[in-house]
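Take a look at this single chain in structure tokens; it is the form predicted alone.
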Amino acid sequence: MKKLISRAALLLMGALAFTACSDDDNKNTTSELVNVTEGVFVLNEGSYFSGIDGSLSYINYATNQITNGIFASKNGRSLGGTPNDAIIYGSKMYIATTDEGRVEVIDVKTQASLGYATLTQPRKLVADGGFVYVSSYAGTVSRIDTTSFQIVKTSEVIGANLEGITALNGYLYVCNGWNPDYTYNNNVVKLDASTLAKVKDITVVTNPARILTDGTDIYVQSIGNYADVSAAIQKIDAADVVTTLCNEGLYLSYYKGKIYYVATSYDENWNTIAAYKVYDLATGATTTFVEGSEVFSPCALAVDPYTGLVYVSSYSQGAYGSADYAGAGYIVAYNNDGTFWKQYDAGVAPTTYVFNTASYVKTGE
């Protein structure tokens, strides 16, 4: 028999397996914590230049089906222009919608809007210590109270167009990507999470965009300058020392000691060639994960933290053979061994994945 309890209760129990002896029947019963994924939310960015709003989809693991447009269906209004990041924290989902100048807050189970925080051009989100933090194109990082949904603290201006953000050991790490004049920066800004005061700049490869942590180290994906500086994936260790892992890589995701990413190059006709690779953090070896012939033009990648399913988003092929940035995209799912699992039709530009996970206590003899 399985019984669902809250994560807070599980933490109080130590979140560990335990054994109990019954005085009634003298039988040993064992209880263990089981983490599962119930589904995955997909944030579709839409198209700024075509005036197409973003949307929210959901892949239900019980039915293995995708439902599109769930935010609009539930709330009777559009999610807005350029929603570009989302996270689940507790029972709520937070969605940064750049064009609308807000972080939308919805109930995970019902997708009903609960309110929103207002700020200039929010970009990326991370949760830490009971708060949600958001980077912005105003060059600041703001703290959102998870009860009132109000901005309760904002940093000084620490960069220009701030992108990815993550948290580790009481600090925030923020990518200072590029500038309004389309020049590029080469630093990750380290902030004290409690005060939002700047601690230092950490020099990385030009145009850092995405960042994540495995709980020990930080991993940064830089885009480069589209000319003589290539993309790169780098590691920032506990001493803030930067090591380049590979001189390529977009759309990184972490799973069980490995970094999954997309490497892109161009043929003689400037057509994009994509390779889907895995970097082993223990050995330093890089291998090809899947050929990816089902993917026309990749725009995101994510790995389910519990099942290992790998999701790759793609733009559809347009009428003239190029990517259709204003048309509905699609998602290809692969098993972790690289075999094809399923393809799903999504919204326009499906660029962000948020895994809907749960923890169960499983008991048995």
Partner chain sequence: MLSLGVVPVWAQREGRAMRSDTLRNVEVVSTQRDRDIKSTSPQYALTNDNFHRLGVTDIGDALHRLPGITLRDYGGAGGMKTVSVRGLGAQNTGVSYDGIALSDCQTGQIDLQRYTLSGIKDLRLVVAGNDDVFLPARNVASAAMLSINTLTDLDLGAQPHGKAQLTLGSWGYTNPMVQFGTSMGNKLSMSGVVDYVYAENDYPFTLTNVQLKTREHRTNSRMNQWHGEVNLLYRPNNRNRLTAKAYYYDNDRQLPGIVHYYINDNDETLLERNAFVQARWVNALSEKVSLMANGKFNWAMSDYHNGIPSGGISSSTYWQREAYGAVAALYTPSDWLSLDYSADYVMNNLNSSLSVDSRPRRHSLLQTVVAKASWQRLTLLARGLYALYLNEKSGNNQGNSPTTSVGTATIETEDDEHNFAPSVSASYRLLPNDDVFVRASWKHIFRMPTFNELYYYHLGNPMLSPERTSQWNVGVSWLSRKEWAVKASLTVDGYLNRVTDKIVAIPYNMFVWRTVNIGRVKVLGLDVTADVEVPLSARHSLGLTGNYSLQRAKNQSFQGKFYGYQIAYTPKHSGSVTLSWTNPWVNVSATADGMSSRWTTNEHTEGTRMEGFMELSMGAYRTFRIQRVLLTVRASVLNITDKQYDIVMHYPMPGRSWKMSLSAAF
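Positions refer to the first chain, counted from 1. What you are looking at is a predicted structure, and each value in this text was computed from that prediction instead of being measured.
Form predicted together with the partner chain: not shown, discussed below.
Colleague: Taking V34, V204 and V220 as a possible spot, do all three reach the partner chain in the predicted bound form with a heavy atom inside 4.5 Å?
Modeller: Result no, not one residue of the spot touches the partner chain.
Colleague: How about T307: is it within 4.5 Å of the partner chain in the predicted bound form, going by heavy atoms?
Modeller: T307 lies outside the contact set for the partner chain.
Colleague: Against the partner chain in the predicted bound form, would G101 count as a contact residue? Criterion: heavy atoms within 4.5 Å.
Modeller: Looking in the predicted bound form, residue contacts with the partner chain include G101, since a heavy atom lies within 4.5 Å.
Colleague: Is W178 one of the residues lying within 4.5 Å of the partner chain in the predicted bound form, judged by heavy atom distances?
Modeller: Within the cut-off, so yes.
Colleague: Since only the chain is shown here, I'm wondering whether G139 would be in contact with the partner chain in the predicted bound form (any heavy atom pair within 4.5 Å).
Modeller: Yes, G139 sits close enough to the partner chain in the predicted bound form that at least one of its heavy atoms falls within 4.5 Å.
Colleague: Which of these residues, A160, L196, C246, V108, gets a heavy atom within 4.5 Å of the partner chain in the predicted bound form?
Modeller: When the partner chain is considered in the predicted bound form, the option within 4.5 Å is A160.
Colleague: Pick from 130-138, 86-94, 277-285, 254-262: which stretch has non-hydrogen atoms within 4.5 Å of the partner chain in the predicted bound form?
Modeller: After filtering at 4.5 Å, what remains is 130-138.
Colleague: Looking at the partner chain in the predicted bound form, which residues in 305-339 have at least one heavy atom within 4.5 Å of it?
Modeller: Heavy-atom contacts within 4.5 Å come from Y315, Q317, G318, A319, Y320, G321, S322, A323, D324, Y325, A326, G327, A328.
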